[in-house]
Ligand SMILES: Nc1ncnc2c1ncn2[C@@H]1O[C@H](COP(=O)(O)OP(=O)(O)OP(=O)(O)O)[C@@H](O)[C@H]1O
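In the block that follows, a single chain appears as structure tokens, in the form predicted on its own.
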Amino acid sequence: MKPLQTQELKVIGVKVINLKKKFNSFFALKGIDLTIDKPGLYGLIGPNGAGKTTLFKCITGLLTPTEGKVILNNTEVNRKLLFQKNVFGFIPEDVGLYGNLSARDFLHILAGLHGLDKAQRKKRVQEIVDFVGIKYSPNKIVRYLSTGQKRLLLIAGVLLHDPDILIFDESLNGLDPVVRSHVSNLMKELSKDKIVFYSSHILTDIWKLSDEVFVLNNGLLVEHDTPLNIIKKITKNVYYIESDEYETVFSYLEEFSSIEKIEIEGNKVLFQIKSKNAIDESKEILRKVIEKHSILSFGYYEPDLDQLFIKMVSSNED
């Protein structure tokens, strides 16, 4: 069942322009530009301290940018404009719940804060509870809920006012596989007519779920594309040679003018060929290496997600 009431067709979007945020002398964000102009699932990844939470808090108006601006649904974010709070729903990473309330009371209080009268609250809360899939007793006290139960309650809470934009900061982390799969399915359903912008350290979730991925590092947006295109860009014409003599092989490969980039990963030497005939060139390079060195294996480089993540952020270090 869809939890959302039928709405008039309208443009929804997030636009961030030259966003900078400074804490004392430290710039957590150094000039972010991004645009999301249609419903979908958008993943944000980056190492700890990259600025992900700061970016989310600036988008939602919880932090005031040092420079630049944020536009939600064609209106610039302003902490004084209360109506904007109806545009988005935000679950921060370190959110707290009212532990002494029942789950039902928690949702009814939130619904009341959004201006729903008693009759509306009852109907809306039930719609959202059914959609989110909360199965535990509504009388259960919040502090006795499991991590997964609390997460579902928080998701229900941010859906009560039917926001166009949902921002989830690390909301998939810390969940068991069953609950994580359930929350992922909720996010996919919501993304059919809403923008769902979320961060996670679980790269398989980001890669599997996201329509587009934003990569943040050192306060800068260093990559933005579909997951497939990111993989293609990073691995284009990249091959590996596995050898016990990898350091010697590395030195030998430096002599080839057709090789653009060389690096070592374990006992593998990775090399990127800039020739248009990369496959033929790689075979010729392999033939020459075999004449001088012992190798264990050779092939097209296909990194796992952790390696891919490291490559994206390490290639953009200050």
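Computed from a prediction, not measured in an experiment: that's the story for all the values here. Numbers follow the displayed sequence, beginning with 1.
Below, we refer to the form predicted together with this ligand, which is not included among the displayed structures.
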{"property": "Contact check for 86, 157 and 164 against this ligand in the predicted bound form, heavy atom at 4.5 Å", "result": "no"}
{"property": "Contact flag, residue 300 vs this ligand in the predicted bound form, heavy atom cut 4.5 Å", "result": "no"}
{"property": "In the predicted bound form, residue 49 touching this ligand (heavy atom, 4.5 Å)", "result": "yes"}
{"property": "Non-hydrogen atom contact residue 242 with this ligand in the predicted bound form at 4.5 angstroms", "result": "no"}
{"property": "4.5 Å heavy atom contact, residue 236 and this ligand in the predicted bound form", "result": "no"}
{"property": "Which of 65-73, 275-283, 23-31, 253-261 lines the interface with this ligand in the predicted bound form (heavy atom within 4.5 Å)", "result": "23-31"}
{"property": "One residue of 105, 211, 130, 93 in contact with this ligand, assessed in the predicted bound form (non-hydrogen atom, 4.5 angstroms)", "result": "93"}
{"property": "Heavy atom within 4.5 Å of this ligand in the predicted bound form - residue from 201, 192, 123, 140", "result": "201"}
{"property": "Contacts with this ligand in the predicted bound form - residues in 152-170 whose heavy atoms fall within 4.5 Å", "result": "170"}
